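Shown here is one chain on its own, the form predicted alone, set out as structure tokens.
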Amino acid sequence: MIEPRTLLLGALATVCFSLTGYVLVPALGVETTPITLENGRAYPPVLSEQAAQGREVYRDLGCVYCHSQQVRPETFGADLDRGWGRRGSLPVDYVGQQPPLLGTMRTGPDLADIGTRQPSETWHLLHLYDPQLTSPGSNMPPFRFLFDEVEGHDERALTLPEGTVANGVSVVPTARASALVAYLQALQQPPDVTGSSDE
């Protein structure tokens, strides 16, 4: 019969071995510092204050439930063929993100490189206000609560198709909408990243 002390030591050794193999060793391989691109810039760049606020809006609105931020490599799907990225995602793409917003499913397109695909602030604002304006047939709901309707002309107002709102009313993005767009524009994965850190 095995002594309880021997059994306890064996169980403890098994847990320690498993922890080392499944948690600690893989953690050593994860990128934790930005890398330097050929153009001398650090990647990934630090988000601006507005884009960082937009990341929180993205989380708050639950965008991760319909959009992923992980472009699969060519051998694992059609992400590159769809134009969702110029390369597959790498661990370095998520340096400094706490938590990484990988997403849970793909009801909508992957957004890991949306800032490259759609650099226009106007496009993003129109898409948030009414996705049908920019992407006919989209099943994304409108996020009109991110906009204010104000009487009269406002320089910040969206240019909408005639009849979308009452005459004399301007649709103006709120600070949350502008921050979310700043975050989406910041989502760019340059093609020349290899994933190895500069030490």
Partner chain sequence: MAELEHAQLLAKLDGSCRRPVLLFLISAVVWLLVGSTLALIASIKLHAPEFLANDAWLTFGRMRTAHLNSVAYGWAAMAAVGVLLWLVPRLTRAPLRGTRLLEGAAWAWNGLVAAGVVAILTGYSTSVEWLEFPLPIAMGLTVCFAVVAGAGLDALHRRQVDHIYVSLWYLTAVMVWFPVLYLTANIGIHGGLLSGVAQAMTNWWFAHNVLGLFVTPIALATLYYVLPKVIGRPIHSYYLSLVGFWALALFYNWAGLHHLVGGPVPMWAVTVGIVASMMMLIPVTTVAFNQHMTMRGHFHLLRSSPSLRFVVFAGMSYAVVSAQGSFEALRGMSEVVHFTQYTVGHAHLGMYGFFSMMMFGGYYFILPRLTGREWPSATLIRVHFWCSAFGIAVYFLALTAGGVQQGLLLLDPGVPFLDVVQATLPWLQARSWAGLALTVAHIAFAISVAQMVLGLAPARGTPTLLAQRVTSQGGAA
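Residue numbers count along the first chain shown, from 1. Since the model is a prediction, treat every value here as computed from it, not as a measurement. Each form is matched to the other, and the largest set of C-alpha atoms that superpose within 1.5 Å is called the rigid core.
Quick note: we don't show the form predicted together with its partner chain, though the next part is all about it.
Taking the partner from elsewhere, P34 is found to have every heavy atom lying beyond 4.5 Å of its partner chain in the model of the complex. Looking at F143, you'd find a heavy atom of it within 4.5 angstroms of its partner chain in the model of the complex. In the model of the complex, its partner chain sits within 4.5 Å of a heavy atom of G137.
Using a 4.5 Å cutoff between non-hydrogen atoms, C66 counts as a contact of its partner chain in the model of the complex. Between 163 to 171, 66 to 74, 42 to 50, 149 to 157, the stretch whose residues reach within 4.5 angstroms of its partner chain in the model of the complex through a non-hydrogen atom is 66 to 74. Shown without its partner, the chain has D81, R82, W84, S89, L90, P91, Y94 in segment 80 to 95 as residues with a non-hydrogen atom within 4.5 angstroms of its partner chain in the model of the complex. Once you line up the core between this form and the one not shown, the Cα of V15 ends up 2 Å or more from where it was.
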